[in-house]
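Here you get one chain, nothing else, as structure tokens; it is the form predicted alone.
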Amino acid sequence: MNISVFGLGYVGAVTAACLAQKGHLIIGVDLHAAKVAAFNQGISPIVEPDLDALLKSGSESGQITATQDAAEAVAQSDASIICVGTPSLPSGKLNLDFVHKVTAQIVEAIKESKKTHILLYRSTMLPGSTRAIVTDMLADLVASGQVRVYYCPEFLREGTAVRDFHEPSLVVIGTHDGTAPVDAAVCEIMGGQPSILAWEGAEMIKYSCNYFHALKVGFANEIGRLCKHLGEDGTRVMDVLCADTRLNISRYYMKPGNPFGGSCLPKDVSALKSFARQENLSLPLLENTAATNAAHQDLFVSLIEGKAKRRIGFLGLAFKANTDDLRGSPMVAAAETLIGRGHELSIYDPHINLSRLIGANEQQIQARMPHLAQLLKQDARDVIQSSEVIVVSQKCVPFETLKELARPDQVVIDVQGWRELSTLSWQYEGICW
């Protein structure tokens, strides 16, 4: 393909060089004359392993040229990739001025050329940005089919960017609805096995990845500070933590849904937070872990109450499936709150037998929900048939039973991720989806 790359900074330079290496004809575009001149001489504007050789080879072969003329670049290309910067304003807000200016130039050039064109955004933009740009600047061209717009975030690490481009750990392509067919040419440009999402989802993936990386660095540093205070080797502690690839370095807990609960996590988070304060250590990330969980619990209850229904049914009450442990259960906390606010509750959990509860498990229920025996039902049908809102936290009822009893006037709130529930006749909503 003939591809124009707008913005010859870090992402644009690597993208241009690597696509040229794959055989595409690249036209770089930048406002800065010095960058354009350097590109035309095969000189990299940044220091990055292997990039100098690729740009020099591409320039010498004629695979890579550069210009300041946006109209000329668009006229000579089949697709345009926008890699311009999106810096922060002093307020912290994202500045999309460069993206808007480049888009306006491309739109004008496309209208003049009257040919079809692929527009691929790689600049980091907040969720909703691509859709707003399309609505404000590209609506007529997209509606006519003259322009096809994709959002494809980049995941290039400085120091390994060329390798990351050719061997991507993650490839994401955003379309207007997450289901529209993707041009084969775009898949070829991106390489790898792409995940297809809506524009907003693709934009969110970029921020989710970077935020997660930031959280990991912050977490490791806070654990390291605490370890050093204790005379322990923080690096060694984290090495051992990372050795567990079943739970710690895995996707096991990376699933939106229930607030965390149980007998361990709330207790240990509280204990370490208290210990850090006692030792006069500032660990903001660790200190706020309980607060973010409490905020999620509040959202969960608000989601239930927002349905403005009185009769609430719970399918699952224990903090975890296949257990009768009610200690620290988010479902118990939600039920307790709803009862206190005048809602009528009915509960089904096949693993809970009140006569078998002992110790702290029994004590917590006696203190928080002494009337639990009156709320527990032996048959899930009783809960489903009598409830206007059904909260599903466990797969404790056969799907066929749910299919038989579901009614259009009922609302189901799924906190477990049982997506098949959305196929039944009731109104379905997930806690995070």
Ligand SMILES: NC(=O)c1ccc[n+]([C@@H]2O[C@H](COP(=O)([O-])OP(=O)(O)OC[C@H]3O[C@@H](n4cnc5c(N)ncnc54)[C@H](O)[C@@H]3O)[C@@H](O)[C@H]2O)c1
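The first residue of the sequence shown is number 1, and the count goes up from there. This structure is a prediction, so every number in the text was calculated from the model and none was measured.
Not on display, but discussed next: the form predicted in complex with this ligand.
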With this ligand left out here, work out from 5-13, 18-26, 418-426, 405-413 which stretch has heavy atoms within 4.5 Å of it in the predicted bound form. 5-13
Just to be sure I understand the contacts: of I173, L303, V102, L338, which is the one whose heavy atoms reach within 4.5 angstroms of this ligand in the predicted bound form? V102
If you check S129, T124, Q297, T289 against this ligand in the predicted bound form, which one has a heavy atom within 4.5 Å? T124
Contact with this ligand in the predicted bound form for G85, defined as at least one heavy atom pair within 4.5 Å: yes or no? yes
May I ask you to check whether E158 falls inside a 4.5 Å heavy atom distance of this ligand in the predicted bound form? yes
Is F275 one of the residues lying within 4.5 Å of this ligand in the predicted bound form, judged by heavy atom distances? no
Distance check, E154 to this ligand in the predicted bound form, heavy atom within 4.5 Å: yes
Using a 4.5 Å cut-off on heavy atoms, what residues in 26-65 are near this ligand in the predicted bound form? V29, D30, L31, H32, K35
